[in-house]
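Quick setup: one chain, the form predicted on its own, written in C-alpha cells, and binding and motion questions come after.
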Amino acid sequence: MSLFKGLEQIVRCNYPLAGLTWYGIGGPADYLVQPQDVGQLQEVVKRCQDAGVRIYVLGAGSNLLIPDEGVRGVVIKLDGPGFTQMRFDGEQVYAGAGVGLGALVLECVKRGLSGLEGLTGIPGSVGGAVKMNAGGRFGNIGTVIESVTLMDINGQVFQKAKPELSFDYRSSNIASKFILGATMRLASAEPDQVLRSVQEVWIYKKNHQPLDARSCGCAFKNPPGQSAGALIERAGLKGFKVGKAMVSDKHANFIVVEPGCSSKDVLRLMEIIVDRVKGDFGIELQREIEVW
C-alpha cells in the first residue's frame, strides 16, 4: 500500500471486480481506487505513472468482461461526488462521468428536456457512453454533445468541443484516458411528451432484448449495412451454449450468462460466433464488449 500512502481511504487491495460489472463474473484487481474529486484523481494517476503501474478506468461495468484471473494494476472508478454531479442551465446540461444514464434520462424527463430518450434502458454511465457514442435505433448520445471535459495521463484537464469532436457508430475521436464529464444541448418539451417517448423506447427494448437476463448489451458491432444479430441468427447460433454462457434466444447479439459462468465461457462463445459468421458469410464480426 506504500504506493497510495495517505490515500488509504479511497483504495482497496485485491478487490473482486465481478460485483462491479453487469456480467457479474471475473477476478480481482490489484487495487481499486475511487477518487472523490479531480485533485485526488490527479494524485493517483501521478503515482501510478511514476511507479509504472498500469491504469484501467471502470465505468458502470455494463459493457465489460473481466478475465477470470482478474487484472494486474490499478482500476480507477469515477463514482465519487466530484464525478456524479448534474447541472442544468435552461436547455444545457452538464453530467459528470459517473452519472448513470438512467438517472440522467429520468431527470431530463422531470425537467421537460428532450434528446436523450434513446438512451433509455442502456445501463451505462455518462463517461462510457460518450467514449463509445452509446445509443441505437432511437438515437446516439453524440448528437447532443457540445463539449467534453477530459484529463490526460499527465493530469492535465482540458475541454474538447464541437467541431473538434467527432462521433461515429460506437466510437468517438476521444483519445484521452479520462472523460470527466460532458455538456449537452437538449430541447425543451412537455414532460409528459418526453415521458411517453421514454416509455415507447423501453417497451420496444423490453419486447426485443433480454433485459431480464444478465448480459452486457450487444456483444458485437453491426457490420456496415448488416445486423450482427441477424447474421448470428442466420448462422444457427440462437440458443447456442458454451458452459454457462448462451446466445440469447430473444436477441442473437446478446450473450447472457447463468450463475457459475466464467469469463472463459463467454470468450469461447464469442470465438465460435466470430468463426461461424465468417465461415458462413465472409464477414468478421468486431466485439462491442470491452475485454480487459
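Start at 1 and count along the sequence shown; that's the residue number. Note that the structure is predicted; figures quoted are calculated from it, not measured.
There is another form of the same protein, the form predicted in complex with a small molecule; it is not shown, and what comes next is about it.
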item	value
In the predicted bound form, A103 touching the small molecule (heavy atom, 4.5 Å)	no
Contact label in the predicted bound form: W22 to the small molecule, heavy atom within 4.5 Å	yes
4.5 Å heavy atom contact, F220 and the small molecule in the predicted bound form	no
Any non-hydrogen atom of C108 within 4.5 angstroms of the small molecule in the predicted bound form	no
Partner-proximal stretch of 86 to 94, 204 to 212, 157 to 165, 185 to 193 relative to the small molecule in the predicted bound form, 4.5 angstroms, heavy atom	204 to 212
Listed residue that, although the small molecule is not shown, lies within 4.5 Å of it in the predicted bound form (heavy atoms), from V198, V148, L113, M132	M132
